[in-house]
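Heads up, the chain below is alone and in the form predicted alone; it's given as structure tokens.
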């Protein structure tokens, strides 16, 4: 089949992140093109059916098999894309190769460049990706030039928040054949890319492998992400002329298995995952002692898209969840603010706070903060690309207590500051419920953990508590006095 994004012919796209809810299997009688595309990043809209013809697309949400049959019958009878009462209709160029924005939760704003293929192009279609400009070769100097201006995305990236090119030069200059690891473990945005836009990720990995003369590309994902593993495995099998052999390896579901050196441990087959001491970093001594570059799918997809389209105006892929109307993974310009991110989905209740930056992000009540790295760092928030929204029905002390307990239970145990510090942090928070709120002791413990842990797990484990105390001191004092202002804090420290 030729690319579905060329011309103005009729195409019916079916997006269902959950294969068990895919309604398209029963449409064999329809005399027209029905294609399965990857998930949107907004599970609440799915199964999502998009009917496109002549530069117009009608979007139908929450579709069943009966809905699909009704839609196809309407299209056959009228020839119109919107004859079956769609939830939204948008106009666009007939040869558009990205899912357009639409007045629906999670899709109403954004700049889907890295996520452009999601729900618009078939995930493992070579023709679709090639029509969008994919598989284009790049010379090493061009790749390094883009890498000078591109930062790593996510805590699973060896270069999180830092420019990439210098690390690549180090790996290239180190003795031994380099390895490129695509670390798709743990982040919903990375899982989405592997499930819905795997060729964008593999494009980035392939040009990077060519640049550093790597002889192996490993896609690493959680064993629990069945759909992502299956899709990216198919993409690996059909990828034309990769710069190095590609393979897919799965690791345990544990959160810590996403940390770059523990990802290497998992790929090597070690049962006990522990962070590795640095220096030397993996770019010098990594997988099986070879120079190893560990980058997230987001980083590599940004590289691939940046090589095609330039990186003057960069974007960030972020997931907003928690007390929201719809969980969504969206892509916004780095010049936009957290408030605009939250507005794409809406708050379920009255907004109280947000934990910005994933499991060990920072707590804030102020959404007037840019989503770029510098703005987030200046606000003592995290850059991991996950924002948990908390409504006024949530207790902040309970929330950060659960995060502290998680850190105490899930750390790898390799270094004392993290292993003992997270346990002491959870204990200090339990003391609050016994009437003892020692903010100074918590601050000092956080300082030690942040300055002496050997990996970002321990460095950041205290941030939710520290930032919550700064923003909601009165709630901690109230708990020490035996009151929970939110009235929900019954089992505060059970993860």
Partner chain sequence: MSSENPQQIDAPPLTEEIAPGTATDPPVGSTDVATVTVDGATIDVAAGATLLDAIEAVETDDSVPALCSYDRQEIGPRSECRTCMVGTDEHGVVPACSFPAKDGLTVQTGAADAAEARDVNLDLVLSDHNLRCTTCGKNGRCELQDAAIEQDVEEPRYGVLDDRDEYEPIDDSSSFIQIDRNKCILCNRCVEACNDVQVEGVLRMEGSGQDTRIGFQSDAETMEESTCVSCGHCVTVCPTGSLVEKGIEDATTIPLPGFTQKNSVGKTDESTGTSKGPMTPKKRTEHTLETPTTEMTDSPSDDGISSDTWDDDQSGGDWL
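Predicted model, so just to flag it, every value in this text is computed and none were measured. Numbering follows the first chain given and starts at 1.
Keep in mind the form predicted in complex with its partner chain is missing from the figure; the text below concerns it.
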Quiz item: Of 382, 421, 106, 147, which one comes within 4.5 Å of its partner chain in the predicted complex, counting heavy atoms only?
Solution: 421
Exercise. Could you work out which of 270, 350, 78, 142 is the residue within 4.5 angstroms of its partner chain in the predicted complex, going by heavy atoms?
Key: 270
Practice problem: Would you check, heavy atoms only and a 4.5 Å threshold, whether residue 276 touches its partner chain in the predicted complex? | Solution: yes
Quiz prompt | residue 61 within 4.5 Å of its partner chain in the predicted complex, heavy atoms | solution = no
Quiz item: Is there a non-hydrogen atom of residue 342 within 4.5 angstroms of a non-hydrogen atom of its partner chain in the predicted complex?
Solution: no
Practice problem: Look up in the predicted complex whether residue 452 has a non-hydrogen atom within 4.5 angstroms of its partner chain, and give yes or no. | Solution: yes
Practice problem: Could you tell me which of 464-472, 444-452, 45-53, 65-73 sits within 4.5 Å of its partner chain in the predicted complex, going by non-hydrogen atoms? | Solution: 444-452
Quiz item: Quick one: which residues from 249-266 get a non-hydrogen atom within 4.5 Å of its partner chain in the predicted complex?
Solution: 256, 265
